[in-house]
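Shown here is one chain on its own, the form predicted on its own, set out as structure tokens.
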């Protein structure tokens, strides 16, 4: 089999076979197919989009390009994970994984790092000093067996073809191809060895896809392809035109996570509601519960009893961090040393806080990265004292911004101010969960 023949075949709009996709994926993983041919192949797939069946075959090929996790010897519990397409203030995963594990299911959650205005779960977890996210498979198995939850980064052996093709998509103008997006996301989850998967597909200015219809199409493609692969899957389409919760930045978001799991449900009502809905859906998908109300009631009880916070505390301890992160989050998660308040310049209501602009302000402060080589300041970020719909008087604090560098703070403040809109009338409320795709 020759790569040039597969490029021509796809260029001419023909359907490839599983064997042919396997050849491409192995070539990408092993370096036996040069980048220029992989790039040509990606462009052919962009110009002649993969069918649903082809998308499933490419996903499977990329998942099998390396090792796969197998939890059959570690647990007989249902195994469920969640993936978010990314947003601003979207620290749901850190609370979600331990909460769902409290309900008697296994949650091996593989996550990634942030780039640009969207935050990354691994970066947030690493704001816990010494928290280890690079974990060998044998230790992941052991932690799942003993604790029921483990949050870790993609290992070199899991879907290595995706790493190569993902980097080339960015360099070849093929990022927007929906089938390639679906294959990239699902190949890692398929290799992870879970039975069930919840997708959080966001729309709005802070999302990967800004338009609702584009997010809807992506959600449907993800759910359909996952089912073709034998995974139980559904997707929530969620609002990301404004930041989720009150925290933007890594230590900020971890502190908020701990406070919510310790029962502070009024701290960030939108975050709390999405957390419970996603956790409920995960229990329904994996078959642990059939009744949504009973599942939600159980989850709320796990928070109120302190069991969810205790599970997070155990996970942090297992992965090298200090229990103080849960015992004393207000003092453990320190903000950067420099700060500035953003105040209302008139009476009225907060009409809107643009998610993308707020996220980019966070990057300027040091909370995010523009390239994967950039270092993150874990204490940098934004705390939103007011959100859309809140009434304000002139001089009221809307937000506090934190940075370790004067120029970063100045640049972040200047940009963040443009994200905030005030109005004389209270804006109409918005729904966090727009639709559920099954």
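Positions refer to the first chain, counted from 1. Worth saying up front: this structure is predicted, and the values here are computed from it rather than measured.
The discussion below concerns the form predicted together with uracil (URA), not included here.
The three marked residues, 169, 188 and 208, each reach uracil (URA) in the predicted bound form, with a heavy atom inside 4.5 Å.
Shown without its partner, this chain lists 181, 229, 336, 284 as candidates; in the predicted bound form, only 181 has a non-hydrogen atom within 4.5 angstroms of uracil (URA). Residues within 4.5 angstroms of uracil (URA) in the predicted bound form, judged by any non-hydrogen atom, belong to 161-169 and to none of the other stretches in 317-325, 161-169, 106-114, 240-248.
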